[in-house]
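Just one chain is shown here, as structure tokens, and it is the form predicted on its own.
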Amino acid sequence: MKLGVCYYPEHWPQSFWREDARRMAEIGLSRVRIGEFSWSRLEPEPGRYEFDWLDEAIEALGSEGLEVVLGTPTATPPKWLIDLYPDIMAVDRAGRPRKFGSRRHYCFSSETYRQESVRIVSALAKRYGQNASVVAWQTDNEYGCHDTVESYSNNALRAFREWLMQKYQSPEALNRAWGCVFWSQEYRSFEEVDLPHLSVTEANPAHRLDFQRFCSDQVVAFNRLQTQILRAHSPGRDIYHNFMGHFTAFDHFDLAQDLDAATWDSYPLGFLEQGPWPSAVKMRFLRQGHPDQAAFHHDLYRAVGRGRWQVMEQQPGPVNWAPYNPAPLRGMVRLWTWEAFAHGAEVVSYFRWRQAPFGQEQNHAGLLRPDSIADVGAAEAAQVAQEMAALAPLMGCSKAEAAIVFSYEAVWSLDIQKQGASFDALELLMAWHSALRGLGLNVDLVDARQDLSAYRIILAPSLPIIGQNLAKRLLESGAILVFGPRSGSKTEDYQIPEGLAPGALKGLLPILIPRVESLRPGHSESVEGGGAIERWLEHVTGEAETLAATTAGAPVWVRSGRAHYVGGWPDAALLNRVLERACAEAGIETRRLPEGLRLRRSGTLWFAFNYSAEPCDLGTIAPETAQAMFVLGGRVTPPAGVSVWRAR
């Protein structure tokens, strides 16, 4: 458990650096990420490197015992490089080349840019790969941010055609897989295939899904070029990438195979404003963030990192990029930090050290104000640093009994053909995760390809593409299984499976889905016993036992053996009914938490986090706290408060 900060020495006079390093150490920070946007300072002209300033910055940080995470600067190729090689630039969906003047202005398929990236990363790795103060590396920065995974350039077109050739081997196989006989889309050669944009109306969904897979593979390949260089010249040091929240445009599980740990950038208030929640929820948690948003991503990136993960950028105050940017409630920076550690984070690093008085992020708060006076976040970081000594020895990994299967490919396939404007795949996943958290459970998000045998209950909120292998592993897991709408509804080639949905799940669920409906906002189908179906409704037939039906008598929740199926988008009340019953069948104890309160088991400790604006008496929901020994806080947890007690 360490605290860190993101620092940009190139933004400040050299006379600041040693004093900044001293103050960082004084607060209790021990990790510092630098360098990820500094290419124009590292190489101001083609082939002329200037490393002296970075040497001095690293030495200044190291002299205070601070560990450096050095970023590769490929997120921001300098102007001279763009002018030399215009083909580096990405092209948007409308066919317009991206322009210089911001960041992430490159195409993953540009061979020129790959070569230039190899060159600058090699130069950095050779110079700092054995530096004692450099303990880890970060590749690039936030792959895909600002909608930059997909590029519609000529480079991407050539690479996509080659990717298709490798996958299908013949145009005839591609035509069958994509169903190209529809609308006379058949191809005689791979050279006839274009990118799926600028078509008169909707492009072929199988074409779009394969293009998304291709784009994901391009990001993975670009990252792998860098990790191979770093491992060759800087052996024994961790390599990270900082992923984002609410972002699914490439497969993070695939990319993380080349990393030592996953990191992500946590901005709870910005993500609340940009998230799918109704206005009333955004008002209620205006200065706290949604109680489950950060936790969802903690659980996701713990899975992506195969158990090792960090927060590389933690919001310390108001940000600048959301529609509205309130300041955190006093205590929330501390709460967010402790919640990350309770979920197993190795490091929580704040963004940034000092607020910049210039550039696009000058309204983005840091630990210090632009005048170098400590801001609110600095005091809360220092408080966590003081508290860590008492808690760290008692914390550890607590295996979750509940898992949610997370598939990036599932999100892509559902987004390509929503069939209903309000069907948001990521929102559905987060709602099911939130419901489990509201029952007081630790939750793991798991890759569909990983071992599933350790869990007592496994949820698949919506998993359209389910092969026979996954169906077999789910059956053999021995867990209680709960599938949500559209599971098993597509083949690998994005076609309706033979015999209809749920496809490969028929061995688990003797049901058939002959028809589906998407419902307008404001309309719902009431369910007997409580709750309702919203947004999406399936006509479920077959031999499974009906556990709940609409008031019109249509089954919406059925069960066969250990497998449950929910044939629609359940509202919160119905989802709680389903999950409470499934947990009871799995022998898992649940308790309904008040809105805004969340619990987390970590080693020998229980954590309570109060996201609400009112104090919460833990005795009403955790009676054992009446006799508990509290390590932090007490039985009454204030707003933005953290209470920690020893588990029995």
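Counting begins at 1, following the sequence as shown. Only a predicted model underlies this, so the values are computations on that prediction, with no experimental measurement involved.
Just so you know, the form predicted together with a further copy of the same chain exists too; it's not on screen, but the next bit is about it.
Chemist: Using 4.5 Å between non-hydrogen atoms, is residue 537 touching a further copy of the same chain in the predicted complex?
Modeler: Contact with a further copy of the same chain, yes.
Chemist: State yes or no: in the predicted complex, is some non-hydrogen atom of residue 38 no more than 4.5 angstroms from a non-hydrogen atom of a further copy of the same chain?
Modeler: Close contact exists here: in the predicted complex, residue 38 approaches a further copy of the same chain to within 4.5 Å, heavy atoms only.
Chemist: Is residue 316 a contact residue for a further copy of the same chain in the predicted complex, using a 4.5 Å heavy atom cut-off?
Modeler: Taking the distances in the predicted complex, the answer for residue 316 is yes, it comes within 4.5 Å of a further copy of the same chain.
Chemist: Can you tell me whether residue 553 touches a further copy of the same chain? I mean in the predicted complex, with a 4.5 angstroms heavy atom cut-off.
Modeler: Outside the cut-off, so no.
Chemist: Going by heavy atom distances of 4.5 angstroms or less, which of 543, 528, 476, 192 would be at the interface with a further copy of the same chain in the predicted complex?
Modeler: Selected residue: 192.
Chemist: Heavy atom within 4.5 Å of a further copy of the same chain in the predicted complex: which of 521, 467, 393, 276?
Modeler: Selected option: 521.
Chemist: Counting only non-hydrogen atoms, choose the one of 218 to 226, 568 to 576, 126 to 134, 419 to 427 that falls within 4.5 Å of a further copy of the same chain in the predicted complex.
Modeler: Result for this chain: 419 to 427.
Chemist: Taking 83, 199 and 205 as a possible spot, do all three reach a further copy of the same chain in the predicted complex with a heavy atom inside 4.5 Å?
Modeler: Verified in the predicted complex; spot residues all in contact, yes.
Chemist: Going through 307 to 337 from first to last, which residues have a non-hydrogen atom within 4.5 Å of a further copy of the same chain in the predicted complex?
Modeler: Going through 307 to 337 in order - heavy atoms within 4.5 Å of a further copy of the same chain in the predicted complex - the hits are 316, 317, 318, 319, 320, 322, 323, 324, 325, 326, 327, 328.
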